[in-house]
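Heads up, the chain below is alone and in the form predicted on its own; it's given as structure tokens.
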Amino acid sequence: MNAPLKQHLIDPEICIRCYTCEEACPIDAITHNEDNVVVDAAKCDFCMACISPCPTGSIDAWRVVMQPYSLEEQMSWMELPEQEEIAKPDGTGPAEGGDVEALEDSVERLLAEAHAGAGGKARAPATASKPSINLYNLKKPAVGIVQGNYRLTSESADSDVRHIIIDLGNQHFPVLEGQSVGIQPPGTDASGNAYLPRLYSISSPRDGERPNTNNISLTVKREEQGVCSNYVCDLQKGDEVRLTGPFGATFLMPNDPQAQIVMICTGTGSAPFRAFTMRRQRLTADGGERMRLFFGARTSDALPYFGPLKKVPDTILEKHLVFSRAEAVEKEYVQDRMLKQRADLAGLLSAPHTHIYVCGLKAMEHGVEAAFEQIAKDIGTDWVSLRDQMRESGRYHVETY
């Protein structure tokens, strides 16, 4: 049995046939007829030279296939084919994934591991914007300049979590809330091999830290033995940093102000939810459904963005900040607070516009799942069945590490 492969395609519904991609391709892998501009899978080496010149974004389309689409097939299309189910190598069923989240296998594995807790193949919300992915890779990374690096946790906290802002200058680097970027630290490991890249969720909304700025922010915790986390946490203002991506095609925010969003996180799992919240704030000054945030940390001074979070109006974000090691406060985890809010959550589980996002340490998954099982019972529903229905409709998302 042949192994699945990723094929680069051009979306014929978006393409304006300007042929800039064809001119930019250094190996003549792109050609056209009277109807379509297409990529020859036998020639394409994913150098990405065609990506940036495209004025429409039609160029960054990908499918996982067992047999590449031929030039003749592509030239006859009026629209892109749906992603086909790809069977597992042992033939036991459809493979996980489906949407291409990253071209580089090492990154794809990291994303698959992060999304494993969803209970099956993840899907993007039906109203989410189309994400751009794989615009930059290890051969051709984007180069950003560090604009700032700020400690989020207090000096007395037992963790060093930092907010890092990276300016992308004039480079085309479109992102959506919930996507991530790759960073490969300089140097080599003990075997002389280049370090593998690490993924970091983007913590700023799609239009930047401030509206209409071409920058992104990351939320990074320094790990004692973490080569990449220490590299990123030590970056200084003005330093260059090389980025790959963006990555991620499913853990995305719905483009629907009436969507009821429940966000559950610990630690740096707050990064995408900061982006979600800022996006909602910028879009729905006149209303929209309130979002819910269940955010767990050991103490308040170890909770990233504690101060800014307190300033978000309750009409936009209902905040449940819980602490497991705070003095003079009963120990509490996110699942404990979820159960205290079980009546509200039970109502949300019954609503067709509710989207649930879980992000943070894998250790939190068991408690969150157990809480949802109990809450689902309150409405006479089996949680696993409900979760699978929500996942299939793009309304249940997990990203843990």
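For every residue, the number given is its place in the sequence shown, counted from 1. Keep in mind that this is a model prediction, so the values were computed, not measured.
This next part talks about the form predicted in complex with a small molecule, which is not shown.
Tell me, please, which stretch of 108 to 116, 166 to 174, 293 to 301, 310 to 318 lies within 4.5 angstroms of the small molecule in the model of the complex when heavy atoms are compared?
Contact criterion met by 108 to 116 only.
A128, V262 and F276: each with a heavy atom within 4.5 Å of the small molecule in the model of the complex?
No, the whole trio is out of contact, none within 4.5 Å by any heavy atom.
Can you pick the one in V146, A326, L138, V227 that has a heavy atom within 4.5 Å of the small molecule in the model of the complex?
Partner contact (heavy atom, 4.5 Å) among the options: V227.
Which one of A124, V322, L152, L199 is close to the small molecule in the model of the complex, taking close to mean a heavy atom within 4.5 Å?
Exactly one residue meets the criterion: L199.
Going by a heavy atom distance of 4.5 Å, is V220 a contact of the small molecule in the model of the complex?
Output for V220 is yes: heavy atoms within 4.5 Å of the small molecule.
Any chance T266 has a heavy atom within 4.5 Å of the small molecule in the model of the complex?
Looking in the model of the complex, residue contacts with the small molecule do not include T266, since no heavy atom lies within 4.5 Å.
According to a 4.5 angstroms non-hydrogen atom cut-off, is A271 in contact with the small molecule in the model of the complex?
It does: once the small molecule is placed as it appears in the model of the complex, A271 has a heavy atom within 4.5 Å of it.
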